[in-house]
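Here are two versions of the same chain, shown separately as structure tokens and labelled structure 1 and structure 2.
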Structure 1
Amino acid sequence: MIPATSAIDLGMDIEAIREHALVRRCKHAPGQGVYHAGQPFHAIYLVHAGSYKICELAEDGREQVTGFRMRGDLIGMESIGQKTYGSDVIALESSEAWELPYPAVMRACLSAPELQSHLTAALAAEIRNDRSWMLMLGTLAAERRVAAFLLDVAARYARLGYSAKHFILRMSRIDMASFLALKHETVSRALSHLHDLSYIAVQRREVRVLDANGLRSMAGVSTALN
């Protein structure tokens, strides 16, 4: 199974939260952070529009993109139960995230028990998602990682009702490379090679999937994708 980042549909759960606190709509310009490492934890966020990257930071300056989030994804859950964040979340384009103050979420969980189980399920899904990528990173060579990444992006666009065969990558080669534990030149080479194989047509950030089965056989998965 291709890793598919949790897009838990909180749907009308949001209404339960609204009864307990104001749900702010936070807009972010490209490059702007939702929150930064070191700030105290007070809220989780639901992505409403645009896309974000999750960056893990080390004290010595090392940096690792650990995921990308788009509409329907929850952000910041990993900080629950901690005083401060250990990661940065940065908008890749003009984006909007809804701020769900955590005390209000907890209160809403008490009155609406199914919200509690949705939240727990979302946390569990986040773990499964991370583990899927660890499997991918640990077992696939560079080119196959890039193929798996493209299939994941395609599947996520498809779930949002967009085309899975033609899309625009929202992140730079550098961010892709960081996430895939590669260098951006290697990502470039892999994309060019997939192009040469006619699995995709790629020009800068625009991608067309020409042979999804080719990509799938390369990524070692058999995910549904039209």
Structure 2
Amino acid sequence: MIPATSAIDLGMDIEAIREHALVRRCKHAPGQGVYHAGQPFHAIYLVHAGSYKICELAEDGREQVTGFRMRGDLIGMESIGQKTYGSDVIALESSEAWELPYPAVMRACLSAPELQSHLTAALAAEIRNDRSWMLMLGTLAAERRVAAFLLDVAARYARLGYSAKHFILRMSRIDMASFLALKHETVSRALSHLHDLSYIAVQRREVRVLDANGLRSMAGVSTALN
């Protein structure tokens, strides 16, 4: 599993973009969309606070969650080069994202080549992370997927300076199940089993990691928890 990497981690210079355009702060209530599939592509977004889910429509018309974004993550990178956004982005809680007008981002890249390299690195990291998850979803059993997901969330919290051993899952069980390509009931059973094994203590959306080595062993990864 590839640890989550944010645009800030990669040195993205927001001030370089501010010199070319107004970076608008957009606040979103839980359930409110940043943008929806089919709307004209005009900007990418940097998550400043809160969290969001990325959704696409599956072939049978069901909503498929394809990712989650937290503070420091970029949103909309997958739509660069297209006329319209290819997915829906929905706030999971009271959140804030900074709108970075794409024409202005490109102008900033021309005057600050290092910014372009940072954006390219952020996009590459996103592609690697998505590829890693696709591989895991295609090879891991249900409980291993859930364990890997918890480790990924823990790593994200650690990156933000929070505890990797005590955190809140901002997404619902249904959203988790959609992302992990599992049934809602399967995710609930997997969490209960991990709880019974004393790897975690879970109460609603609150998770405490009790046995990090056990959780890593279950997931089959070597991610370290701080």
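None of the values given here were measured: they were computed from a predicted structure. Between two forms, the rigid core is the largest collection of C-alphas that superpose within 1.5 Å. Every residue number counts along structure 1's sequence, beginning with 1.
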The form predicted on its own? Structure 2
Does the distance between the two CA positions of residue 185 reach 2 Å or more between the two structures, the core being superposed?
-> no
Is residue 60 one of the residues whose Cα moves 2 Å or more between the two structures, with the core superposed?
-> yes
